[in-house]
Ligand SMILES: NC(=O)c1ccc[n+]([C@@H]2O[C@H](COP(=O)([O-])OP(=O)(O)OC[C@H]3O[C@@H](n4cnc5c(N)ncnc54)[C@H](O)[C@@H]3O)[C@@H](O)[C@H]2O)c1
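First, one chain by itself in structure tokens, the form predicted alone.
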């Protein structure tokens, strides 16, 4: 069976990990081409993984004979890169989230993708590939919690990443766009409904640098879904103890919780001072298996010409929600969806 030839655009923090997964961990795929505007990143990939084509020009990457494109560049570049891939006739494209940074951008992306008949666009909401979350989804579908009443999502980045977060903020779209679209994607997947309204409050409680950038480091959102389910979303950039993600699905017959203690591993340390566990240090460490799984899924979509688990509509709805939620936090009021 021939290997699926992939090209990757963007070799930063997450893009580098995607490249490693393709090159080292997926026998059915080949890292054929790589693109970055940072020469050091290209040099490193060329020396270690030896892709047959290296370029700092995205248009040239799209012209190279490839089966699929992986977009892992900065969020603010996603719109132009997705649209250019669609205009170039590329049929299989994976992009990191968010799909775009505004309603105007996601409308433009939707139009471009739809004009390229048969194009499959996969969005990088990796948490749907987590084995624990998938087990919870299956139990929910089997009726374990009965009628879903509330979903509660917790999402906290470690304080140890403060310097990176402050530098990254201007390119991220802000706290809600960068972090909470993961939570919204999972919530709408579980409850099977779009949001009707959102109310939010938040501020820069800890990082003065984020306040200067017009961003915040903590917020809480209350969401009403069209089917009546209540959503509570809490997020923070300054978790002193490490990375922490948690979710709860509460219903008429019971509840399901996932990720109650953000453990790094299964080791327990016990002595006269007490019982302790190490917590996960950053998001990739916690979710590592899911990043490999989503790229494997993308390759199966190419090989079998099948629809991705998370597609254009999912990415569109997540950004649509994030724009409204960001407005709700800024104005401290209820925003209704169009």
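Residue numbers count along the first chain shown, from 1. What you see is a predicted model; the values in this text were computed from it and never measured.
Just so you know, the form predicted together with the named molecule exists too; it's not on screen, but the next bit is about it.
Shown without its partner, this chain lists 262, 158, 124, 200 as candidates; in the model of the complex, only 124 has a non-hydrogen atom within 4.5 angstroms of the named molecule. Checked against the named molecule in the model of the complex, the residues 96, 248, 105, 234 give one hit for a heavy atom within 4.5 Å, which is 96.
Look at 164-172, 225-233, 185-193, 254-262: in the model of the complex, residues with non-hydrogen atoms within 4.5 angstroms of the named molecule sit in 164-172. Proximity to the named molecule in the model of the complex holds for all of 10, 283 and 291, with the criterion being a heavy atom within 4.5 Å. For residue 151, no non-hydrogen atom is located within 4.5 Å of the named molecule in the model of the complex, even though that partner is not displayed. In the model of the complex, residue 74 approaches the named molecule with a heavy atom inside 4.5 Å. In the model of the complex, the named molecule sits within 4.5 Å of a heavy atom of residue 41.
Using a 4.5 Å cutoff between non-hydrogen atoms, residue 49 does not count as a contact of the named molecule in the model of the complex. Of all the residues from 19-40, those having a non-hydrogen atom no more than 4.5 Å from the named molecule in the model of the complex are 35, 36, 37, 38.
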